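Only one chain is included here, represented as structure tokens and corresponding to the form predicted on its own.
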Amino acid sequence: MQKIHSKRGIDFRIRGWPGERLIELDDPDRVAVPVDKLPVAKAGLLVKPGDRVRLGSVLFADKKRPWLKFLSPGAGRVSQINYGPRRVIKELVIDLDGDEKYVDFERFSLAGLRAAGRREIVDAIVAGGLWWALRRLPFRDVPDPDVVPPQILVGLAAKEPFSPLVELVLRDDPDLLRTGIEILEKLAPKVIVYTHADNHEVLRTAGDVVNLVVDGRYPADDPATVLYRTKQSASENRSWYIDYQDLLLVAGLLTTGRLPTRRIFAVGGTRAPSRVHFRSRLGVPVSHLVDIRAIEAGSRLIAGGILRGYSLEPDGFMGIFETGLAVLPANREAEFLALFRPGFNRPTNSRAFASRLRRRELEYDCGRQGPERACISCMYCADVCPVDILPQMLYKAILAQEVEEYLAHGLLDCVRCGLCSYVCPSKIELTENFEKAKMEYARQQ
């Protein structure tokens, strides 16, 4: 079994981690597909308000890639199609009727999966509306199903704060994971299944499928970080990856012939009324996971990670990729004579506050703690970058619009972990700038 070590990154000493308790929730009254959080160029609607749909009915497809379809995560009536700025579709809301009528898809036995060819497996996943679960590096977009990737990465790790515990997710049906890996082996010549060295329970229960162990701080277990540490040639830069919970959905689709919807969510953060795991379904309302009335004023709901996630409104819905929900203070209250306080309770990665000397967990908030200023070339960002980029040099090359230079500085290696923005004393949104430049380069290509 191969082992790699990532020397850089951050161990978050953060309060509010979700506990190991798993609560089974009843189905909500409605679910939604947040379209604005999906990797689609433009959604072509195939339903309208008032239409009745079954579980697995096609709701919309990407206009540029009609084969990329998104299906209904529940049976009921399309009650709302909400729009954002410039009439961009924000979300489709479906009122569930309790009668879970569903669309039948092709079903494979275990022997049938092993005998099937790549095209047959690809067609089944595309028809079942789960091709979005596969992502392509370095742009993290949906891959072309006709392209055979050099390898597919599957991470059984969760160094991201407030992510679900892997061992809790795999506890019910570890064999489904093995089936999912056999499916991936039909799509690529090589499948790398990795976990973090701290995940002893995962190594015990699923160690027979793990062929790589990673060690290090966040984001050592990000697929782009793993690729950077393991790749042998430039051709591997276009590797694919899939989240382990999404892989379980794919395996469930092909073995049951029915679109799976169950997912485990972790709710954490110091402002969360209950810091536990919930089993619910895709597209669940935020209010079904947390009691909105019990949340203190001045709090923020964040889906998808505290450094690379996004804010949600109390009436919002979880995106199809998100499995973690954090409830944190929106900002820290101003302290009297803060300049002269040692800062024992202030999170920091520098030596600016005395909390650096203490190893206890601290409360994080969403405040920037100051306005943006000019880069001072302090190298804090380079010290934490997991893929050895010099973010300050990359940032300056992007500002100068020097494409060849910022590619040479490693723009495409950026894992979008958010650490450079987090540690920057000048409050520069480095990660946001890098992501915009990467997406612009992808459009040009």
Partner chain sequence: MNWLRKFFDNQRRHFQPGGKWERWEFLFEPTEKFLFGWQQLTSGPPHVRDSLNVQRYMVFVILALLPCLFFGIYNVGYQGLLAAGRPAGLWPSILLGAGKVLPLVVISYAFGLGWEVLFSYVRRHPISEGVFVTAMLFPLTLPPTTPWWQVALGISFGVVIGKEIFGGTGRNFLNPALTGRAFLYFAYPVQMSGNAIWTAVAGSGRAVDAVSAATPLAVAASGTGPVEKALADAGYGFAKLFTGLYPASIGASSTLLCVAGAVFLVALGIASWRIIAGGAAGILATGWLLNLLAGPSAPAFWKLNPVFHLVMGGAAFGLVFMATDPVSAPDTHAARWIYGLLIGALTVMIRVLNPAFPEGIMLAILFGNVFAPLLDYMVVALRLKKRIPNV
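Residue numbers count along the first chain shown, from 1. Fair warning: this is a prediction, and the values are worked out from it, not measured in the lab.
Below: the form predicted together with its partner chain, not depicted.
**Q** Answer with yes or no whether Y380 is in contact with its partner chain in the predicted complex, where contact means some heavy atom within 4.5 Å.
**A** Y380: contacts its partner chain in the predicted complex.
**Q** Residue-level contact is defined here as any heavy atom of the residue lying within 4.5 Å of its partner chain in the predicted complex; does E91 satisfy this criterion?
**A** Output for E91 is no: heavy atoms all beyond 4.5 Å of its partner chain.
**Q** Taking heavy atoms only, is R351 within 4.5 angstroms of its partner chain in the predicted complex?
**A** R351: yes, in contact with its partner chain in the predicted complex.
**Q** Does its partner chain come within 4.5 Å of any heavy atom of A234 in the predicted complex?
**A** Yes.
**Q** Give a yes or no on whether each residue among L328, R332 and E429 has a heavy atom within 4.5 Å of its partner chain in the predicted complex.
**A** Yes, all three are in contact.
**Q** Within 4.5 Å, heavy atoms only, one stretch in 46-54, 27-35, 60-68, 413-421 touches its partner chain in the predicted complex. Which?
**A** In the other structure, the partner sits against 413-421.
**Q** Identify, from the list R279, R373, R114, R107, the residue with a heavy atom within 4.5 Å of its partner chain in the predicted complex.
**A** Checking each option against its partner chain in the predicted complex, the one that comes within 4.5 Å is R373.
**Q** Heavy atom within 4.5 Å of its partner chain in the predicted complex: which of F321, Y102, W131, Y364 fits that? Just give me the one.
**A** Among F321, Y102, W131, Y364, a heavy atom within 4.5 Å of its partner chain in the predicted complex occurs only for Y364.
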